[in-house]
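One chain comes next, on its own, written out as structure tokens in the form predicted on its own.
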């Protein structure tokens, strides 16, 4: 069975997309799924920095340039999560052929992974839209601030023109005072809401999976809930709820 490919995009940078992609990867891996997170941001990659994988020699850039294969550029980190980072070599960036990304994803569709998460560059460039065209599901990461909402609306509109169906949003950095109903504003279902939480920052800084560092935190619970939905796993019921049933 081919893996499910999920693209995580955003209208603007700084919404926490890479952090969400990585922690969703860890959460899905905790359900005994084989997961790959791919950093498709060839110009400003960050995935490797958040994992402690310092300056990997082989990355997606080398795969796109034909100097490395996918297996050599894929690394296994905590919890058995697999990542395909994107390097920061300026020379490799100058030589990159982004059109080959389709070939890379086509090969990944024949892999043994259950789920592949694409961390897509923010904005509306060709580098952002292209990975979405090869995905089975496209989700936008949004913050409650007006700029994030406005930019997400633009991405949704441009994606529609390109024949890409954005299937939902994940609200990140939520606080009770500013959340509002973003799903209605964007005309998209809300897959989950991740609250502002010091645990997320600590997990990022210590390069530790959130669900391991602070499994009972509100943000970890939200991440796990979203991961269950993506995997089609029913949410756990409390003893009292099971008793009523």
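Fair warning: this is a prediction, and the values are worked out from it, not measured in the lab. Numbering follows the first chain given and starts at 1.
Not on display, but discussed next: the form predicted in complex with a small molecule.
Worksheet item: Counting only heavy atoms and a 4.5 Å cut-off, does the small molecule in the model of the complex sit next to every one of 18, 122 and 201?
Response: The answer is yes: all three residues contact the partner (heavy atom, 4.5 Å cut-off).
Worksheet item: Might residue 31 be said to contact the small molecule in the model of the complex, defining contact as any heavy atom within 4.5 Å?
Response: Residue-level check for residue 31: no, no contact with the small molecule.
Item to complete: Please check if residue 46 has a heavy atom lying within 4.5 Å of any heavy atom of the small molecule in the model of the complex.
Response: It does: once the small molecule is placed as it appears in the model of the complex, residue 46 has a heavy atom within 4.5 Å of it.
Worksheet entry | Touches the small molecule in the model of the complex: residue 56 (any heavy atom, 4.5 Å) | Output for residue 56 is no: heavy atoms all beyond 4.5 Å of the small molecule.
Discussion item. In the model of the complex, is there a heavy atom of the small molecule that lies within 4.5 Å of any heavy atom of residue 172, even though the partner is absent here?
Written reply: It does: once the small molecule is placed as it appears in the model of the complex, residue 172 has a heavy atom within 4.5 Å of it.
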